[in-house]
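For reference, the chain that follows is the form predicted alone, supplied as structure tokens.
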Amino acid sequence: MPAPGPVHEALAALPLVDHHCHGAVTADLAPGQFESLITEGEAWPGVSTFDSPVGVAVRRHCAPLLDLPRHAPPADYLARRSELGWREVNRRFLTAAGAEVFCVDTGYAPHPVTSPAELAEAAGAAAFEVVRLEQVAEAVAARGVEAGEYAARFRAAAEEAVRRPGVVAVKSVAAYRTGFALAPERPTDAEVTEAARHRLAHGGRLTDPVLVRHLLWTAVDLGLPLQLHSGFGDADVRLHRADPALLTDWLHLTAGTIPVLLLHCWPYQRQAAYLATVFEHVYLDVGLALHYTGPARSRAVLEEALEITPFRKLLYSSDAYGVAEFHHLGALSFRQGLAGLLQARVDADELSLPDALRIAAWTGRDNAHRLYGFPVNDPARD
């Protein structure tokens, strides 16, 4: 194996900003529970989720952090994980991620997981919160509200949520609820009231297209960066409706307002790159895909994302949820994949070494600092 080049060394040492992730579980996991958390799909009867690219990557790149040999068998891996206990497992992987900041989406927690403050403490880092707006809207409906008051009550609840200490962004999962093929215009008050009347009569999750449009425009009014899930996700998403290119008309209308951060994007990283190239307020990452492809293929995903993307428009995220292995594996895949592609361009004289080092720092840390403006005083450490 060739010695690492200067770009590899710089990225290996760079404190990352993981601008979108979730908490790690706060319980010891049975083998079946662990396997269910390393797939976006359902359980596979008679087949282990270790027998997948992500499962192989866990055994190759995470086993040594548990004092096991590379490629340790799944049974040995799970036994050692259980022996150490969840607190020590989380500490090891979160520390190994080498992040100085985590931005934590607190709106998805089907399992008991660490709060932003707990994640920060385990990692020796700072952590801030990302407010999921669908959760806010559903809480407003659950508390009871008249249809004509829904818009104002949701707006007030969203404003209250983002005023909490440590909140740096909002997020929508419109890709899951309706997909992005929505009318781009801000809905009228009458449209919102009528949609709210129907939704409040039937209950359930927020899936009404008018109310999802209202949520997105409310996000614009809040003034914080808006994170949008796009592309890859679990079976609830209809992937063809999660193509971020479907947002083009809405992005035209929101130009000059807030930063819009397209999360994950795979397999639409090229569409996202186009949007980031032509719209000043659009940014992207390829989180989630990185740990599912692992270091073996993360470079290929990043190469497509960076074919035309301006270098100040790509950010790092892991989108890790549940198992702390994914916080580490996402960071490792990003570092190795980006270093490989940048070093190759330097070696081919397509990029100078100073430029490559700047791009590495921008993408791994500085772009996020510029967009989010993290508070000087870290609320997770107070």
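All values reported here derive from a predicted model rather than from experimental measurement. Heads up: residue numbers just count along the shown sequence, starting at 1.
Omitted from view is the form predicted in complex with another copy of the chain, to which the following refers.
- Of the heavy atoms in His71, some are within 4.5 Å of another copy of the chain in the predicted bound form.
- Proximity of Arg80 to another copy of the chain in the predicted bound form falls outside the 4.5 Å heavy atom cutoff.
- Among heavy atoms of Val170, none comes within 4.5 Å of another copy of the chain in the predicted bound form.
- Mapping the unseen interface onto this chain, Tyr372 falls outside it, with no heavy atom inside 4.5 Å of another copy of the chain in the predicted bound form.
- Proximity to another copy of the chain in the predicted bound form, taken as heavy atoms within 4.5 Å, picks out 240-248 from the listed stretches 191-199, 159-167, 217-225, 240-248.
- A heavy atom within 4.5 Å of another copy of the chain in the predicted bound form is found for exactly one of Arg186, Arg153, Arg91, Arg297: Arg297.
- Contacts between stretch 276-303 and another copy of the chain, counted in the predicted bound form as any heavy atom lying within 4.5 Å, involve Ala276, Thr277, Val278, Phe279, Glu280, Tyr292, Thr293, Pro295, Ala296, Arg297, Val301, Glu303, listed in sequence order.
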